[in-house]
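Take a look at this single chain, the form predicted on its own, given in structure tokens.
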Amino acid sequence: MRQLLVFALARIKRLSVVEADDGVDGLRKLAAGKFDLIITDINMPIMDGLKLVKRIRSDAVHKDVPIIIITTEGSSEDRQRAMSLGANAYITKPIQAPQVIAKVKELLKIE
């Protein structure tokens, strides 16, 4: 799934993608740089995506960075919880590359 996303996002010019293996690895990479957008899954080893969103929103550097959650968790409770923690978009799998690209462009305000 991650490889599909990286391939799809490569279609957006001027976009550089950094991958993380899990939420903890994601936090480590966030600490090393500044990012314009974060895409995460809810179901990840070590630290799930909801905990990651919560940690990002409490980080002064990245608290306003748009976050997209892409997940198999399709219930309205999961969506509501993710959005209340600070996610900007919630996309359920199976995903369509054009849907993800459109959401990324919308959140980054690029054409």
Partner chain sequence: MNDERPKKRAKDKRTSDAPVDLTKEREAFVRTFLRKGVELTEDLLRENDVLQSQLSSLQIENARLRAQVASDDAIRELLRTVEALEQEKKELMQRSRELEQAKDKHQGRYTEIEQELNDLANLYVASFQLHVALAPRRVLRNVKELLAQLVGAESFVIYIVEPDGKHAQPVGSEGIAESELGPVQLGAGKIGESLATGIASMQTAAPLTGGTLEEPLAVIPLQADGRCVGAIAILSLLAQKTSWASVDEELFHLLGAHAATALIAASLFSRTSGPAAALAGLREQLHLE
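Numbering follows the first chain given and starts at 1. Please read all numbers here as calculations on a predicted model, not as lab measurements.
Beyond what is shown, the protein has a form predicted in complex with its partner chain; the following relates to that form.
Candidate site formed by 1, 11 and 74: every one of these residues places a non-hydrogen atom within 4.5 angstroms of its partner chain in the predicted bound form. In the predicted bound form, residue 95 approaches its partner chain with a heavy atom inside 4.5 Å.
Only one segment in the set 48 to 56, 81 to 89, 30 to 38, 64 to 72 has residues whose heavy atoms sit within 4.5 Å of its partner chain in the predicted bound form; it is 64 to 72.
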